[in-house]
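Just the one chain here, the form predicted on its own, laid out as C-alpha cells.
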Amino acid sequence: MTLQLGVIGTGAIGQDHIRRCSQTLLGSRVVAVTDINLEQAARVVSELGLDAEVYADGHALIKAAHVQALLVTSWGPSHEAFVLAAIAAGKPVFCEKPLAVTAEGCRRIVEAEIAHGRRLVQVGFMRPYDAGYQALKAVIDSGRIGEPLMLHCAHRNPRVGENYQTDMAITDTLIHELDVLRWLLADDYVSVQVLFPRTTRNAHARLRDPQIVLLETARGTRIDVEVFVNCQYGYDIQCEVVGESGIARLPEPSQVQLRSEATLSTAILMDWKDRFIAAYDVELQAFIDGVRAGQVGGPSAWDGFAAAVAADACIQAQQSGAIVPVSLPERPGFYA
C-alpha cells in the first residue's frame, strides 16, 4: 500500500519534507497540499512535478477522503488546531515542532489522543533518529561509563535573523535538547535555571546571547547547555556525558580532514539542514512505515508536552534568574 499524504504548510521545512516523500523515501506519495499562501503551494506542486491537489485550507485537506495521513509543517501557532482536527478525523499526523505553542495546547492534544484510544501523533524531533545520538545512547544504556552524573552540551548557530528574540533560544533552539536529553537519559527534568554571560557584540538589540541553561533531572543528573546563536564560525552541536567510570561524547559529523598550506583542518557545517539531513530522512521514513504497519511510533504527543512544560519553566527562569521547578504530571499509561 502506498500511503497517501496531505501536507499542510509549504515553507522551507514543508518543501523539504515534500521532496523527501516524493523523491527519497519509500511507501508514500503526496496527494494534497495547502499553505496560507496558495500561490506558493501551487508553485511547489508544479516545481516538484506532483500529481497533488491544492486545498483552500488545512481543515479541508484533513477532511479529504483520499488523504490517509498528514504532515503539519505550517506556522507554529497553527499546529494545535490541525493536529486536533487530524485526531478527530482518525488520521495519523506527523507534526513538526512545536506540537503546540503552549504546554496547555500540548496537553489538549494528549487528552484528545488518549480519548481516541490509539496513538496517531508523531512529533518532529529528529535528533533521536541521528546516528550519532543513537550511538551515544547505546553507550549510556550499555552501562560502559556507569550512571550518567553530568552532561555538558552546546547548541551553536553561526547567526540568526533580526526577528530572533531571547525567548526563542528556548522555544526554537533549546527545545531540541529538551527532548533529546530526556530520551538519552530516560529521565525527566525537575528544575531549571538560566544564566546570561557577557552578551556578544554580534547579537542585535533585542537578543541576549549567549545563554547557559542549567537542568536537573529526577535522578540527580546535572546538565548544562550553552545556547549561542551568533557564534559566527558554524553550526555546532556538542554533547558530553560524564559517567561514573567514563566519558562519552556525541560523534562529530563525518567530514574530510585536509592537510593543505601547512594546516591540518576539518570543515565545520554552517547549516542545520546539512547536519541532520539523514535524521530527517530516517524519522519521516519511520512515520510512513509505522502508519502503514498500523502503529505510529517515535517522539509522542507526551514527549511534545514534556518538552513544552520544560520550555515554559526555562522562559520563566530567563525572566526571573531563579531556579524554577519543572512540574510534569505522571506519564499516562497510554504512553508507557
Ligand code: ISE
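In case it trips you up, residue 1 is the first one in the sequence shown, and so on. Computed from a prediction, not measured in an experiment: that's the story for all the values here.
If you look for the form predicted together with the ligand, you will not find it shown, but the lines that follow are about it.
Proximity to the ligand in the model of the complex, taken as heavy atoms within 4.5 Å, picks out 165-173 from the listed stretches 185-193, 260-268, 212-220, 165-173. Proximity of Tyr129 to the ligand in the model of the complex: non-hydrogen atoms within 4.5 Å are absent; the residue sits far from the partner.
If you take 131-166 and check each residue for a heavy atom within 4.5 Å of the ligand in the model of the complex, you get His155, Asn157, Tyr164, in sequence order.
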